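Encoded as structure tokens, the following chain is the form predicted on its own, with no partner shown.
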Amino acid sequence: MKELLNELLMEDKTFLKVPFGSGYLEIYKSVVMTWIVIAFLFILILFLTRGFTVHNISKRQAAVESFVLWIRGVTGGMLGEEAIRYADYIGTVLIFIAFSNMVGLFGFTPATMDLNVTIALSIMSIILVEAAGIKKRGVKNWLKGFAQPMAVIAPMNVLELVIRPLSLCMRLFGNILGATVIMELIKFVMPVFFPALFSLYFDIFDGAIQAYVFVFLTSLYIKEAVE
């Protein structure tokens, strides 16, 4: 187990080294995988939305519109009426993380198994949370909120700004890493057929669950910020 964790965590994460100045600009594998997922989703969106019309819509258009309405319903339900404007962003993050977690089906390492990626996603989420709070309350009332319900706990409320993104990034990173470790162990002790079955769970179901948990917590923080 220790050797496996060292292999997964200490492997060379560099995909390409580009000469830059007196040294090299390193492009990580997780960055390349993120680009691939974004490109795939962009091409998929172009294909699925091609030829949309207002009247006499096709079955494909009806299916896409139903899916969009479903995603908006899921994210809108988590956010509540006060924060419904952020539903599309939350839905986008949900789809991106879910697809990023599922690339293991094709033998690739998920970008979310790189702590740098989960940190970036968490920082983006917390920035949105605090921006939503400032937009709703104003800067003065937002600052006063740190002293609620009493001034003595202000340091704890400030510390929460660090704890929240840390919790988000470590939860996502830890669960994806854990699933990868379990899959590697299964491949080691079982025939080829069984790892394929378990992969359907860890790469699809568990990957989607972890994406949902990430956006659910982000939505909960946004909802609290605008109340």
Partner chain sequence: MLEVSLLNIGLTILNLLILYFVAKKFLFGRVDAVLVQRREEVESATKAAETAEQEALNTKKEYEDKIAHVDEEKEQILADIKKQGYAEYERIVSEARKKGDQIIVEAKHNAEVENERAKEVYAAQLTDMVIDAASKIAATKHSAADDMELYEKFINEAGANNE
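Numbering follows the first chain given and starts at 1. This is a predicted model, so every value here is computed, not measured.
What comes next is about the form predicted together with the partner chain, which is not displayed.
Engineer: Considering the partner chain in the predicted complex, which of 190, 68, 182, 163 comes within 4.5 Å of it through any heavy atom?
Structural biologist: Going through each option in turn, the one that passes is 68.
Engineer: To verify the annotation, which of these, 139, 147, 123, 156, has a non-hydrogen atom within 4.5 Å of the partner chain in the predicted complex?
Structural biologist: Checking each option against the partner chain in the predicted complex, the one that comes within 4.5 Å is 123.
Engineer: Using a 4.5 Å heavy atom cut-off, which of 131 to 139, 101 to 109, 148 to 156, 87 to 95 contacts the partner chain in the predicted complex?
Structural biologist: One stretch meets the cut-off, namely 87 to 95.
Engineer: Classify residue 198 as contacting or not contacting the partner chain in the predicted complex by the rule of any non-hydrogen atom within 4.5 angstroms, answering yes or no.
Structural biologist: Heavy-atom contact with the partner chain at 4.5 Å: absent for residue 198.
Engineer: Can any non-hydrogen atom of residue 74 be found within 4.5 angstroms of the partner chain in the predicted complex?
Structural biologist: No, residue 74 is distant from the partner.
Engineer: Applying a 4.5 Å heavy atom distance criterion, does residue 117 contact the partner chain in the predicted complex?
Structural biologist: So residue 117 counts as contacting the partner chain.
Engineer: Just checking whether residue 61 would be counted as a contact of the partner chain in the predicted complex - the rule being heavy atoms within 4.5 angstroms.
Structural biologist: Contact check for residue 61: yes, within 4.5 Å of the partner chain in the predicted complex.
Engineer: Does any residue in 36 to 50 get within 4.5 Å of the partner chain in the predicted complex, counting heavy atoms only, and if so which ones?
Structural biologist: Residues within 4.5 Å: 38, 41, 42, 45, 46, 49, 50.
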